[in-house]
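Consider the single chain below, provided in structure tokens and representing the form predicted on its own.
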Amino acid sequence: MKLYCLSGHPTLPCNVLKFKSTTIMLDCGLDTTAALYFLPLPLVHSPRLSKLPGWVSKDGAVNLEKELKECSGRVFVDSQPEFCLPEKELLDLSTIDVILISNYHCMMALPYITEHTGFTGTVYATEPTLQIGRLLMEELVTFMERVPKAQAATCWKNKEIQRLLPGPLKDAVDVWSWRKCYSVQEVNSALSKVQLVGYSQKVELFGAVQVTPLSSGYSLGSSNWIIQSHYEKVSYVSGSSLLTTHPQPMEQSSLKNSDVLILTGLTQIPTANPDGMLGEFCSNLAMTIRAGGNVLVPCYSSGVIYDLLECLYQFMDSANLGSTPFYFISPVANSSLEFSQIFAEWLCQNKQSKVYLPEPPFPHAELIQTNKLKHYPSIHGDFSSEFRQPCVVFTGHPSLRFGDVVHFMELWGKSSLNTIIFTEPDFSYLDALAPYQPLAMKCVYCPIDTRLNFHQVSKLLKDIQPLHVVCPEPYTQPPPAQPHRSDLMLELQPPPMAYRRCSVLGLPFRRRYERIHLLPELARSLVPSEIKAGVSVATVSAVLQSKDNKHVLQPVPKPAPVPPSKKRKRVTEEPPEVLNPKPLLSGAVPLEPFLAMLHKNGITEVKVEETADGHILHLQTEDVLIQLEEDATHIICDNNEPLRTALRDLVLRFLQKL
């Protein structure tokens, strides 16, 4: 059993498991942090960005004025943002049989895998994961297509040129694997390969293994996966949460008794408490609104935004800010808000019960009805005429490199009354803000990440007790910025097996057993013999048929009788003669009774020598050696077949025939 690691990002995993002749991809996360190396894509012409000077090396030897621009003391790539794909060269991706998706954030690279590698398999995901994943992909495509860039920048990727560039571009890794965004056609084609599954639904893969999704408690439809055969069990835990938020709670008991547990997707900010961050978010938002400023929240169009809106729904009235408008701007804003209300069976019990009252499970339905929350596909059209300040705007993308957020950064960045609040932990907020410096607006970092922290995962692993744990390398050492914090790493016995991008791990257990079915007529012919109290065995002669990873023992076919014929026929191969098997022997030959038996049969001169494996008996008069071992008896006798046969029969008196 092998694990191929195609992604180095702990929370955007992409691994391939080879298990019992099946090849299973576990998630295909897309690392969008590569977008931070690029200039923002403004929806409205930006004089500031259009006048940026091109970059030329100090000695003038390298001139990349058309590809690279200097901005706020850093150098950025001036082309459509690109993303870091999972590794494609480590193994042949066309051999992948199935892809298991754990949540909608971990499927964003799916079109790159299914459409460009010869993939012919099936993708398994829950319905919310598929539908919200579709929204996030379509949103990403729309962001890119709204602001097309004429030229593509590739010269800077040359190794000889890249090492001459200033940081952080100089230190960017795997730049030749970066790719532009896919198209809507590729999204639709990729998602047509998805087969929907429900929690605890067992799916057979070629008769070899069974896969089962379990609720992971992180987002709508998010799953952990059990991959098991009759005698082996692998658990894949990715992006899980034990906190009480809107999704169904995490299913833990089914993860017990795992031979191997593959652990990814822990919190990216282990020192931050999500509840504390929510409180800080609300208080900073209230201070800004009271001072007459606007609040910008760069966020994804699904996920934490539902909890933020619910928190603000309760907070704004108590803070006497009930008249402040909320705007949610995204090409998929309407669909996202509607989906969250209709996937009732995937919600926690508290929200499920509201559906039967009937009440909407999320309060943002009431905010929309009372016009406190308005949603728009973009800043153009109705929004520009209905927009009033001070307000709170939720929009994407959290990287600040594309989407409507770029316009608001240009619009509000020059005033210290306004505040930008970062709630998504995927991007360094300082790197995200770099091309907008100098910035007058206030910046608040309140990352909300509900995934498991190290304390929670240590307690979980104690409860479910897997034999072996496999995890990304960063989880096995303290954070580089806090080397003294040994509590921010996994300390297990045995130590976890760590992987990084392009690792190939041999997982530490071997298949020892396989299940075989007996046909009823063969079972009826068995004659069990009791070899000790409560234990009976029987010999069987049969034909083993293996098909579709299922193994069946069938009776040995009898050769068909050949009808007599006077005509001379060509000689044909006769079926092999089926011989009755020799009986198997069980038991042990006890030394003293055996010596007594020899004496009784006239063999008196016996010299006994003790060995590590048993005893050697030297029959001196007959010049014969008998080796008595735990699992074998050897009679060494030259040119005296009658004596050898007589001694064999004496040995057989002490053994049981099967």
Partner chain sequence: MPDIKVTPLGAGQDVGRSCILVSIGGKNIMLDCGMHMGYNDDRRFPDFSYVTQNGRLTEFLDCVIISHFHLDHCGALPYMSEMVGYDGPIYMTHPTKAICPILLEDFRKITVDKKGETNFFTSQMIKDCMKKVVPLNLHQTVQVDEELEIKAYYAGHVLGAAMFQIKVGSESVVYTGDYNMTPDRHLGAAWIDKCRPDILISESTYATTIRDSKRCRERDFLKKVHETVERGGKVLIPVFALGRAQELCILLETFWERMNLKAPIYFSTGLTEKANHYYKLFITWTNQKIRKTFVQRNMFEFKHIKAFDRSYADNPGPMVVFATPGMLHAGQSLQIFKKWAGNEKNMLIMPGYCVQGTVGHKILNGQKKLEMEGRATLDVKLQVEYMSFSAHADAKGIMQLIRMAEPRNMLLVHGEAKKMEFLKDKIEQEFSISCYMPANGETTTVVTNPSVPVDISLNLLKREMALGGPLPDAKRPRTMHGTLIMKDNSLRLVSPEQALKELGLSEHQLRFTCRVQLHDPHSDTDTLGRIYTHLKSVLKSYSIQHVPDGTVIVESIVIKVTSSAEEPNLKVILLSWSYQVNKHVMN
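What you see is a predicted model; the values in this text were computed from it and never measured. Residue numbers count along the first chain shown, from 1. Throughout, rigid core stands for the largest set of C-alpha atoms superposing within 1.5 Å between the two forms.
Here the subject shifts to the form predicted together with the partner chain, a form of this protein not shown in this document.
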Heavy atom within 4.5 Å of the partner chain in the model of the complex - residue from A208, A291, L584, A152: L584
Position in contact with the partner chain when the complex is considered in the model of the complex, options V141, L553, M108, L461, heavy atoms within 4.5 Å: L553
Proximity of P358 to the partner chain in the model of the complex, heavy atoms at 4.5 Å: yes
Residue contact check: N334 to the partner chain in the model of the complex, 4.5 Å heavy atom: yes
4.5 angstroms heavy atom contact with the partner chain in the model of the complex for P508: no
Non-hydrogen atom contact P528 with the partner chain in the model of the complex at 4.5 angstroms: yes
Partner-proximal stretch of 418 to 426, 340 to 348, 215 to 223, 308 to 316 relative to the partner chain in the model of the complex, 4.5 angstroms, heavy atom: 340 to 348
Sequence-ordered list of residues in 518 to 542 near the partner chain in the model of the complex, where near means a heavy atom within 4.5 Å: L518, L519, P520, E521, A523, R524, L526, P528, I531, K532, G534, V535, S536, V537, A538, T539, V540, S541, A542
Threshold 2 Å Cα movement between the shown form and the other one for T33, core superposed: no
Rigid core superposition, S46 Cα moves 2 angstroms or more between the shown form and the other one: no
C-alpha of A208 off by 2 Å or more between the shown form and the other one on rigid core: no
